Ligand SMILES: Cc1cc2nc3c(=O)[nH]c(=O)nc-3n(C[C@H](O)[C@H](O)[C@H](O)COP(=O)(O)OP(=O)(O)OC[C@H]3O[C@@H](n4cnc5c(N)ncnc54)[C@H](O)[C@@H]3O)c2cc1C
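Here's a solo chain for you in structure tokens, the form predicted on its own.
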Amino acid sequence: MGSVEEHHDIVIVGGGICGLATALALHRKGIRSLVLEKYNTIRATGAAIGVFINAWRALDQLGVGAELRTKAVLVPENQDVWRNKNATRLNSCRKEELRCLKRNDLIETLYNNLPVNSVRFGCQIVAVGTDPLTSFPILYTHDGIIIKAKVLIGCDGSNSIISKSLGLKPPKSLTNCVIRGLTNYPNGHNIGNYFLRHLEGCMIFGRIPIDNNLVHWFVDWPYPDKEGPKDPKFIIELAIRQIKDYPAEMIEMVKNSDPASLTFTRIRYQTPWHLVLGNFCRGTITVAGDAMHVMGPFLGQGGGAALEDAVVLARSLAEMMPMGYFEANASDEELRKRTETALKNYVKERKLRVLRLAMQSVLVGLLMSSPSKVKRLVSLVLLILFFGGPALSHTQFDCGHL
């Protein structure tokens, strides 16, 4: 029996934040798309995500900002504590509109605002090819289905099969790993509405409230083993081992965390020169989010940049292919030319923004966690020279109207 063959206008690979946001942005512009997600249900990797004003602007363009603001308290200050220096720095972040969202809340809100059947679950892509007659992309799934798309958008994360098909290099890994979790206080917590980070050597422990009952925490430190623990019990034990000399309430926070929220991940990033030299579109194929510019968590901009991508990409496509264009029986050659122009415009608009974020993220990461005094000093000098210091000016970016 022959393989099943399907035809779709726009296919988005990956049903995470970036994939769902891109589908929603296209939907707001009256353009249909199909999201292919390899898992059998919507899935949010990581416990929570920091959302600054640049990301809120993108969420407002997607029409979900007001709804999501009700799910997280405003965090007006962040406090950095250097334990080995007995020093503290308090910064206001009121104008940056920092809130911390549960990833599940963000994912579910994006998904619930999409038309029915916009996402196909349990669909894993194993190969990407090109139709020799039309030059449009062809997707091959794990269960033998062949999907022919006119536009292909890879939002499939840092280990993206779409990025590989474009010839992009895989991201690099740091020795640092991060454990993240959520802790619920049924009677309310008393930690205050500020973002706290304890910095000691190469380790960072942080906590930030999501609402009056829920707190997100993380531990970031060098971890030499290639594989980390999978069992929540061992993840908690490993986290507590790193903060054993910290205040008792912090240790209790980790002990009482929700086991289902725990994640252990190695920090991955794309080098800035990869973003300069990389070819992020070919024909009618492009990438977005971590598939394009995975970065360390030091700026809290991975998710925000992905939301910006979604708005800019949908706007670029809609400018070249307005509502109803796919149903207008345009020739394959005209469609291909318009799509190529749209994707080139998208990449051109996004490249400088993500390059600056990548450079700043690398430098802030070295400044916060490098054991070398020389590297920390050089990082600080470069941050001041190119970015005016390790401040939050990058959060004031506006991706524009959808």
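Small disclaimer: the values here were computed from a predicted structure and weren't measured. The first residue of the shown sequence is 1; numbering continues from there.
One more form of this protein exists, namely the form predicted together with the named molecule; it is left out here, but the text below deals with it.
With the partner omitted here, the stretch from 196 to 204, 321 to 329, 296 to 304, 273 to 281 that lies within 4.5 Å of the named molecule by heavy atoms in the predicted bound form is 296 to 304.
Annotation: in the predicted bound form, residues 39, 49 and 161 each come within 4.5 Å of the named molecule through at least one heavy atom. Residue contact check for residue 23: none of its heavy atoms lie within 4.5 Å of the named molecule in the predicted bound form.
At the 4.5 Å threshold, heavy atoms of residue 13 reach the named molecule in the predicted bound form. By the criterion of a heavy atom within 4.5 Å, residue 155 is counted among the residues contacting the named molecule in the predicted bound form. For the chain shown alone, residue 238 is not a contact residue for the named molecule in the predicted bound form, no non-hydrogen atom being within 4.5 angstroms. In terms of contact with the named molecule in the predicted bound form, the residue from 134, 104, 79, 124 that brings a heavy atom within 4.5 Å is 124. Residue in contact with the named molecule in the predicted bound form (any heavy atom within 4.5 Å), chosen from 113, 265, 212, 91: 265.
Contacts between stretch 15 to 31 and the named molecule, counted in the predicted bound form as any heavy atom lying within 4.5 Å, involve 15, 16, 17, 18, 19, listed in sequence order.
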